[in-house]
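What follows is one chain in structure tokens, specifically the form predicted alone.
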Amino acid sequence: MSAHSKQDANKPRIAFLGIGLMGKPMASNLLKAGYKLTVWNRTEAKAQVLAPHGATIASSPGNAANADIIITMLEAGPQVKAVIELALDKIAPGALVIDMSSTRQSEAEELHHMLAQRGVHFIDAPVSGGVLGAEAATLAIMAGGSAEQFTRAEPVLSAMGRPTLVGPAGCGQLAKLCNQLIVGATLDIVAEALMLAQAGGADPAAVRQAIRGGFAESRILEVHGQRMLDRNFMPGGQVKSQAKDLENVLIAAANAGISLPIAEQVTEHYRSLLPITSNADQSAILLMLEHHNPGKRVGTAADKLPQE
């Protein structure tokens, strides 16, 4: 079973549906924690890489779903609903579905009600921290559901990061949108700050270093500020995912009856970036800013970009 921990028969059986950029390290950490894990992915080869570490590979969501806890980590709400519907007849009453994808609050609430009609429990538990956080099991996990089911889920979630119960079903997604609004807006303003430093004649790397440790310090300035200086836009969190989340922020704001003018502006910036690149890291918001400032460029390195 490689370097992973021996599976513990007393722990709940887990199905993990979606072995992508984030799902692979998250599922790997569950194996390391000793959970008996069945995994499924639409492209089976991505799931097969976990077989040497002790995972059972399922050929369909239904074949995976005979478990105590079913975790989904998929692209968006429609995919989550479609996969759960494929598995629904195999999910036993009393089982717990934990959706760790980023979806709309309304989609999480709809899934909660659909499962409740079959006696199946639900928690929405989206994450923040990117691939590095997933690999290090340090993800911020925002959970929406009942206190009873959160207590049941907490040991499992703690194998992947730091879970916090933020309210009833759907509120995990709302908390994730709050997170993504702060991330998106901060990425936008860090890009503008580095551009201002460069265009004004200062060394942007030195400016970043000078302001770190003061009130402008943030994880975004630390990690993504360096990415912008290095012009390394290979994906951690992708532009298309950030854009989707910001669109969902505006939907949540409308549903709550409030106006968020800065969120609207940041969302428009990411909309403008999508035709330039959609698969790049979200720090590529710098490219949108440079597109609107012809002849201005931060740093001297060649761009590192994924194939679109």
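For every residue, the number given is its place in the sequence shown, counted from 1. What you see is a predicted model; the values in this text were computed from it and never measured.
This next part talks about the form predicted together with another copy of the chain, which is not shown.
Residue contact check for P261: one or more of its heavy atoms lie within 4.5 Å of another copy of the chain in the model of the complex. Contact annotation for G119: none of its heavy atoms lies within 4.5 Å of another copy of the chain in the model of the complex.
When contacts are judged by a 4.5 Å heavy atom cut-off, P93 does not count as touching another copy of the chain in the model of the complex. Heavy atoms of M142 reach within 4.5 Å of another copy of the chain in the model of the complex, making it an interface residue.
Across the proposed site, Q226, M234 and L286 without exception lack any heavy atom within 4.5 Å of another copy of the chain in the model of the complex.
The contact with another copy of the chain in the model of the complex, taken as any heavy atom within 4.5 Å, belongs to E192 out of E135, E192, E75, D230. When another copy of the chain is considered in the model of the complex, only one residue from V83, A175, L157, L111 comes within 4.5 Å through any heavy atom, namely A175. For another copy of the chain in the model of the complex, the listed stretch (145-153, 84-92, 207-215, 111-119) containing residues with heavy atoms inside 4.5 Å is 207-215. Scanning 275-308 for heavy atoms within 4.5 Å of another copy of the chain in the model of the complex gives L289, N293, K296 in sequence order.
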